[in-house]
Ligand code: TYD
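In structure tokens, the next block holds one chain alone, the form predicted on its own.
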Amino acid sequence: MKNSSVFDCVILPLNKIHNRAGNITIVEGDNNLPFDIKRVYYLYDIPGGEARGGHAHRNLSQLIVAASGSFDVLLDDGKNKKVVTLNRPDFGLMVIPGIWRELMEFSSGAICLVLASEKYDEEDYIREYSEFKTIKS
């Protein structure tokens, strides 16, 4: 986890199938993702000005997708920071273990879809930034 870098978190294009009746994007674990999907959740109805996230994971990887609307993801590896704007449902942000993340600047009606490599495990979370910085140094 100490060697993880924000530069290892990349935007992945997702397979978009266009049809006159609308589009469909299919994501399959261990096929278009480097992990098997063990958990799916989504964030919605986020009030203006609110932020989500504010934690890191020890072992869990995630693909974060703006299923609707847009939002920013702040990535922090303890030395470098970068902000990624997500605003297309056919692209996802791959976030690796050991990266602090904060989701913010949600547009009205935004839906944040998250595909996770592991089931929920409270022990996997690093919820205090000071602890994160200590682990990363």
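Numbers follow the displayed sequence, beginning with 1. If you're wondering where the values come from, they're calculated on a predicted model, not measured in any experiment.
Beyond the structure shown, there is the form predicted in complex with the ligand, which is absent from this document and is the topic of what follows.
Contact annotation for the candidate site: Arg52, Tyr120 and Tyr125 all lie close to the ligand in the predicted complex (heavy atom within 4.5 Å). Within 4.5 Å of any heavy atom of the ligand in the predicted complex lies no heavy atom of Arg88. In the predicted complex, the ligand sits within 4.5 Å of a heavy atom of Leu43. Interface residue remark: Arg39 is counted as part of the site for the ligand in the predicted complex, having a heavy atom within 4.5 Å. Stretch-level contact analysis of 29-37, 52-60, 65-73, 79-87 against the ligand in the predicted complex, using heavy atoms and a 4.5 Å limit, identifies 52-60.
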